[in-house]
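A single chain, nothing else alongside it, follows as structure tokens in the form predicted alone.
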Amino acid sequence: MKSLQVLLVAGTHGNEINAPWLIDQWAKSPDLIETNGVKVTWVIGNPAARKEGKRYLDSDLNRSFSNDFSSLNDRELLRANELSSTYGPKGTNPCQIALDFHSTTSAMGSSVVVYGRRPSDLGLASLIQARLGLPIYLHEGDQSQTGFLVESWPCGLVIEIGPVSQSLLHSRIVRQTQIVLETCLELIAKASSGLLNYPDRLVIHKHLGSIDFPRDLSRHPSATIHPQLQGADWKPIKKGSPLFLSADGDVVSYQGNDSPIPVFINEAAYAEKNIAMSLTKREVLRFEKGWGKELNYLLGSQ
């Protein structure tokens, strides 16, 4: 594990303050987090936005890692270039694994987000799910949502902790963040030492697409999330299930025939992206040897 280094990112969005607060406390008390011998480099993803209490200044930092850093007027693009050139696999202080901690306002609880199907990502997500039972949101095939931070590292996962309001410091969220972080580092340490067996399956929720609010001619929402759906993340909906409710009582229902599972329902940060919720499909994947092989190679355990 001599060359292995994990990049811990907190505050990729400046108004998600719990993980950055935990990092601040860790900086003051180095024994606060049990790293299990894993070398960890931590960084505040967007310190300028954090200072102003905003999600971002010019553009969403977690959509800015597209390898196009040509805009000198976009502070998030410049920050993405800085993080990649410093901590990326070819950077001056290279890290092999990136753990990007976020918080959510939706009722998803704690979960892991995987972008695409890189074997090392699926291998690490399998270990986390087997230990903590966290749901896995597999985001792929959505060209309107690209340029995620963790995709710039050989292995990278987003950890969502919630629900919690934006810019609200909450002891439960801080504690959950610490538990998940320490568990991730423990699993990485044991996997790199060959002390862990991989599970035989991985349960995922595959991204199918997103739904916007109904909107009026001025592009303002003309209905709210239906009260039966609000807070019902991870619960399947069927044809005819209520989605939205207008002020005069009109109900907009789901008209599909499959039974998708909504996530990020009424996520505050996604209002600007015209996303009222995303729909997923539950799948059970048989663990593939290549997942463990790629992760073991990255960890230096082979």
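A quick note: this is a predicted structure, and the numbers were derived from the prediction, not measured. For every residue, the number given is its place in the sequence shown, counted from 1.
A second form of this protein, the form predicted in complex with a further copy of the same chain, is not displayed here; the remarks below concern that form.
- This chain is displayed alone, yet in the predicted complex one of 230, 210, 183, 129 has a heavy atom within 4.5 Å of a further copy of the same chain; that residue is 230.
- Residue in contact with a further copy of the same chain in the predicted complex (any heavy atom within 4.5 Å), chosen from 176, 96, 81, 105: 105.
- a further copy of the same chain is not drawn, but in the predicted complex it has a heavy atom within 4.5 Å of residue 29.
- Among residues of the shown chain, residue 166 is one whose heavy atoms approach a further copy of the same chain to within 4.5 Å in the predicted complex.
- Proximity of residue 223 to a further copy of the same chain in the predicted complex: non-hydrogen atoms within 4.5 Å are present.
- In the predicted complex, none of the heavy atoms of residue 287 sits within 4.5 Å of a heavy atom of a further copy of the same chain.
- Heavy atoms within 4.5 Å of a further copy of the same chain in the predicted complex are found in one stretch of 58-66, 242-250, 256-264, 36-44, which is 242-250.
- Contact check at 4.5 Å (heavy atoms) against a further copy of the same chain in the predicted complex: all three of 21, 25 and 268 pass.
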